[in-house]
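Heads up, the chain below is alone and in the form predicted on its own; it's given as structure tokens.
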Amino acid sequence: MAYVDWKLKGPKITSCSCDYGCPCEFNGRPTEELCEGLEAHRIDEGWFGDVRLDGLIYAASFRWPGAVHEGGGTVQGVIDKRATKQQIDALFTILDGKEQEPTTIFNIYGSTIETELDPVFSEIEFSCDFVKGTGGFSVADVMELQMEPIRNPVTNTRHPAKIVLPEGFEFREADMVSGTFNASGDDLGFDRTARYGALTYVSYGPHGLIAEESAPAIWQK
């Protein structure tokens, strides 16, 4: 099947309620049975057909009552307020799983969502430093995530670690960090400290993760 050509490429950061490493990445149960957290993706290079998406950011908060694949999830998306009407339509088309294979990240996660809250259109402050192992994003009065290196409990020195998933659909390799995050609202209110966090660089298209574009040189330093 032919799809509209599109791409979302850039650094992606995420943190959830699991312990460092996140057993879900290994087909295990979530640390606390439920799963809740935040994510954001900055589009360094992107398009949907003739609509350029470079420089825009999208983010989300989420919660599942059990393991993600069991469904029942709640999500709230955030779209960069700088986006034009055309860009918003393009992003919603991609994030809703349209114009792409059913095995892409957006369709896989989308199939587990039961409640989708109204999207927020706001400024998103975003940072990601693969060398320092830091990052974060914030949406004023809605959600915030701060990431720092995992520390050795004895020496307090940085403890680098990675997850490698040769057949991953969300990423193939990610740096592990410590995430502290919060979100507001009756449906998705939470506050977590020193939980699983991941920094990665990904490229998605109509056929899913574009693996050969997922590890720029700076990530290897």
Partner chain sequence: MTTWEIQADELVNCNCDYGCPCQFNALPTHDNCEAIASYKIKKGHFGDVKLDGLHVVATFWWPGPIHEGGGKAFIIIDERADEVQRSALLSILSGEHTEPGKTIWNVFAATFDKVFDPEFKSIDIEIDVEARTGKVNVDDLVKMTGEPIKNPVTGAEHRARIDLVNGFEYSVAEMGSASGNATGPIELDFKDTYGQFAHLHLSNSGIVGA
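Quantities reported herein were computed from a predicted structural model and do not represent experimental measurements. Positions refer to the first chain, counted from 1.
Heads up, the form predicted together with the partner chain isn't pictured, but that's what we're talking about next.
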| Listed range touching the partner chain, judged in the predicted bound form by heavy atoms within 4.5 Å, from 22-30, 180-188, 41-49, 56-64 | 22-30
| Close approach of Leu165 to the partner chain in the predicted bound form, 4.5 Å, heavy atom | yes
| request: Evaluate Ile150 for contact with the partner chain in the predicted bound form, applying a 4.5 angstroms cut-off between non-hydrogen atoms, and reply yes or no. | output: yes
| Do Met176 and the partner chain come within 4.5 Å of each other in the predicted bound form, heavy atoms counted? | yes
| field | Distance check, Ala161 to the partner chain in the predicted bound form, heavy atom within 4.5 Å | value | yes
